[in-house]
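Only one chain comes next, encoded as structure tokens, the form predicted alone.
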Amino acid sequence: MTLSTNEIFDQICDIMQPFNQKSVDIKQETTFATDLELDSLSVMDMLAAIEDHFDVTVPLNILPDLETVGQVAEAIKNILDE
């Protein structure tokens, strides 16, 4: 089964609900640090939940490039398509 980036984004939004303490309206361009005010530990916990959900591992070398929810959705899409 192939998921679209939008389907992955919607699933990530569901996974992120416990981490979204400010009830921010999550969009593709929502940033983890600025918009959601997540610290690095919270981001890693959330990423672990996303990895578990999709049964993937996000390579450490791309983590610094993942600043928005949309970028994470696109990265998961690319990993699933490999």
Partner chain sequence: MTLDLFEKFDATLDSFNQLPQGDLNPFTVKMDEVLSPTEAIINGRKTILAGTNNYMGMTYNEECMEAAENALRNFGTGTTGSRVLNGTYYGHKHLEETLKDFYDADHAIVFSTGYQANLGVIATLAGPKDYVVIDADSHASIYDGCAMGNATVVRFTHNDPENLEKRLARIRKKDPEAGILVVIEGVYSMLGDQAPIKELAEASKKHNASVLVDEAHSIGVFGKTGRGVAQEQGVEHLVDFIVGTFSKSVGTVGGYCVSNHPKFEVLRLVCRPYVFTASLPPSVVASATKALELIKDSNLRVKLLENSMRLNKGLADAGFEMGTTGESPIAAIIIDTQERAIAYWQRMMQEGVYVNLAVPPATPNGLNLMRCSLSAAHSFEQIDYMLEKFIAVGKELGVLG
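Computed from a prediction, not measured in an experiment: that's the story for all the values here. Residue numbers count along the first chain shown, from 1.
One more form of this protein exists, namely the form predicted together with its partner chain; it is left out here, but the text below deals with it.
- Within this chain, Glu29 is remote from the site of its partner chain in the predicted bound form, having no heavy atom within 4.5 Å.
- At a distance threshold of 4.5 angstroms between non-hydrogen atoms, Glu82 is in contact with its partner chain in the predicted bound form.
- In the predicted bound form, none of the heavy atoms of Leu38 sits within 4.5 Å of a heavy atom of its partner chain.
- When contacts are judged by a 4.5 Å heavy atom cut-off, Met44 counts as touching its partner chain in the predicted bound form.
- For the stretch 28-54, the set of residues having any non-hydrogen atom within 4.5 angstroms of its partner chain in the predicted bound form comprises Leu41, Met44, Ala48, Glu51, Asp52, in sequence order.
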